[in-house]
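Just one chain is shown here, as structure tokens, and it is the form predicted on its own.
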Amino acid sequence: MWENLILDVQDGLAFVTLNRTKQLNALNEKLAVELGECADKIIQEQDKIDVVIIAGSGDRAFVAGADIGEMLRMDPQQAIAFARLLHQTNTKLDSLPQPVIASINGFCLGGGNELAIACDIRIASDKSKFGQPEVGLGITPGAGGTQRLPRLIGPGRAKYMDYTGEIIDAKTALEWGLIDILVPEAELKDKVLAVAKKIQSQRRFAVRQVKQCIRLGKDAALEAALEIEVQAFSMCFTHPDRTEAMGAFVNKSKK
């Protein structure tokens, strides 16, 4: 369906593979558009999909950054359009009702790191490298590296990454909270699949309500965020999943 990515849905899991292997899956305009279209399709088929997994093709990179050759030819107005496209795509992924897992192996730099940040859970191999090297190219991060990144790892560490352009290893990324789980390269696919299936084994409606609570509440004042949680909690009492799951628990405890 798309030139630069593959969507494969199996047993309620959507596997999205960014497929520009020779370019280390670098994000160009076409791939960003296709990824947004893929997110739209996942929303359309949300009753069939419980968890989304995003990975890069090959064994060298999740996404090595944005396509520098394409950016070299941009004027300021084209740069604005490209940055807005990347933000729109990342926001679509962040806004998906399903949890989104980034399966990271190899380079995860610039726009790739910003794409990973837009996912809910980041699981990486010990061969992964992370960074926001844009300043070395005379530009700023343009897809969340100055906004989403400090919200995730704190402003001090985000400033360090953004100001220096330093590439950090997976162990440091784990210590800083940039990634959530670190495994040997050979175990990455199995671990990602295990986490996805663990999520899938829970009640879908409740999982999606939790995602929305966290997403909507993270930038709200505490009082407003707690009200978001109250409303989600209440919504669960309208859904048959709650009656079924609680009934099964009570009946089991009586035995």
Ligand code: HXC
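Note that residue numbering begins at 1 and tracks the sequence as displayed. Since we're looking at a predicted model, the values are computed, not measured.
One more form of this protein exists, namely the form predicted together with hexanoyl-coenzyme A (HXC); it is left out here, but the text below deals with it.
Engineer: Between the options Ala232, Val16, Leu24, Leu13, which residue brings a heavy atom to within 4.5 Å of hexanoyl-coenzyme A (HXC) in the predicted bound form?
Structural biologist: It is Leu24 that has a heavy atom within 4.5 Å of the partner.
Engineer: From the list Ile123, Ala173, Leu109, Val100, which entry has a heavy atom within 4.5 Å of hexanoyl-coenzyme A (HXC) in the predicted bound form?
Structural biologist: Flagged contact: Leu109.
Engineer: Check Pro150 for me: does it contact hexanoyl-coenzyme A (HXC) in the predicted bound form (non-hydrogen atoms, 4.5 angstroms)?
Structural biologist: Flag for Pro150 set to no.
Engineer: Even though hexanoyl-coenzyme A (HXC) is not shown here, does Ile68 get within 4.5 Å of it in the predicted bound form, heavy atoms only?
Structural biologist: Contact with hexanoyl-coenzyme A (HXC), yes.
Engineer: Since only the chain is shown here, I'm wondering whether Leu86 would be in contact with hexanoyl-coenzyme A (HXC) in the predicted bound form (any heavy atom pair within 4.5 Å).
Structural biologist: Within the cut-off, so yes.
Engineer: Does at least one non-hydrogen atom of Ile181 fall within 4.5 angstroms of hexanoyl-coenzyme A (HXC) in the predicted bound form?
Structural biologist: Answer no; every heavy atom of Ile181 is more than 4.5 Å from hexanoyl-coenzyme A (HXC) in the predicted bound form.
Engineer: Tell me which of 207-215, 58-66, 29-37, 194-202 has residues with heavy atoms within 4.5 angstroms of hexanoyl-coenzyme A (HXC) in the predicted bound form?
Structural biologist: Of the stretches listed, the one contacting the partner is 58-66.
Engineer: Across 118-148, which residues bring a heavy atom to within 4.5 Å of hexanoyl-coenzyme A (HXC) in the predicted bound form?
Structural biologist: Heavy-atom contacts to hexanoyl-coenzyme A (HXC) in the predicted bound form: Pro133, Glu134, Leu137, Ile139, Gly142, Ala143.
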